[in-house]
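Next up is one chain by itself, shown in structure tokens, the form predicted alone.
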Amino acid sequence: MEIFEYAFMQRALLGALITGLIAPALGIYLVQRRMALIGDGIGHIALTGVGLGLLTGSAPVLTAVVVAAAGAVAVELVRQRGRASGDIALALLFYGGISGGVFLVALSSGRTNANLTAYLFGSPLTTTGPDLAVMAVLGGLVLAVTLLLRPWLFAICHDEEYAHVAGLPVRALNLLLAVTTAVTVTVAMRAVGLLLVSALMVVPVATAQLVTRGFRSTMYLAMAIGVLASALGVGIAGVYDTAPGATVILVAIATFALLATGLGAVRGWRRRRTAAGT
């Protein structure tokens, strides 16, 4: 496509592809653990990190990683110790995080021309070379964790008590998964935004589950769907001048809807054929 002759579109595409690859790779563990919406909570608290970076003149991506990771670890420790329910901890993460972020961004408005919408809903077309380098490094770390430690992470997400009995370092793995979630959210901040990243973690996984059964095959297919949705979304956004982050998510949701409808039609046809044959 001609639009990808421009350097800014190439950077936008590469950033979206990185996000589309790592978000489902991490999201499948969250879906397995029935914590699909944790990405939203981490995204909200990452906004506080963004605001802190803007206020102090630091790199917002780095402060977002640190703050989001600290918040994710805090929630995981609260969940493990049972001092509050997971729902309460997640609610605190949601409302405290986004409130703190909006407050700090407003305080920094006199020092910077930061656009809050770009962080909430993504702005891949403004991705710079250094941004892309940071995304590539962090994305590589996420892939290393999610792929190399897949048997262990699957064990703690599928049955934590069995993992304890098997002698796995459950607490360390839980904390690592929490930090990896925070890093994934921060990487996706530029491509799809903090409010939409959870959808890119969950929707490709849900789509892959329609046609696969095994954990590994579901993971790889979800990653492929995430990459495809990201590429198509950025391309459509470039041609029709739509919001790239929202377009990526809509493409992912449309893929799920089309596949679910198609499979439903095929199954219905098979049932009717079987009934007619009897």
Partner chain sequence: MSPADTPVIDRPGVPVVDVRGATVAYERTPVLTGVDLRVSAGEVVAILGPNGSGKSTLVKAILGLAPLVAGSVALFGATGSGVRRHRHRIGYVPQRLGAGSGVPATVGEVVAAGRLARRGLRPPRPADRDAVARAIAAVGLTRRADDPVSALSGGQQQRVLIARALAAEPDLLVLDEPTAGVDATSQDAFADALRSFVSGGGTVLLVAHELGPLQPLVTRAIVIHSGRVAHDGAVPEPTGYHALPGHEHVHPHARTDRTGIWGPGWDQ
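Positions refer to the first chain, counted from 1. Since the model is a prediction, treat every value here as computed from it, not as a measurement.
Absent from the display: the form predicted together with the partner chain. The rest refers to it.
- With the partner omitted here, the residue from 168, 74, 134, 118 that has a non-hydrogen atom within 4.5 angstroms of the partner chain in the predicted bound form is 168.
- The stretch in contact with the partner chain in the predicted bound form, judged by heavy atoms within 4.5 Å, is 204-212, chosen from 190-198, 138-146, 204-212, 175-183.
- Put simply, residue 162 is close to the partner chain in the predicted bound form: some heavy atom of it is within 4.5 Å.
- Among residues of the shown chain, residue 155 is one whose heavy atoms approach the partner chain to within 4.5 Å in the predicted bound form.
- Contact check for residue 129: no non-hydrogen atom falls within 4.5 Å of the partner chain in the predicted bound form.
- Using a 4.5 angstroms threshold between heavy atoms, residue 218 counts as touching the partner chain in the predicted bound form.
- The three marked residues, 11, 18 and 235, fail to reach the partner chain in the predicted bound form, with no heavy atom of any inside 4.5 Å.
- Scanning 169-200 for heavy atoms within 4.5 Å of the partner chain in the predicted bound form gives no residues at all.
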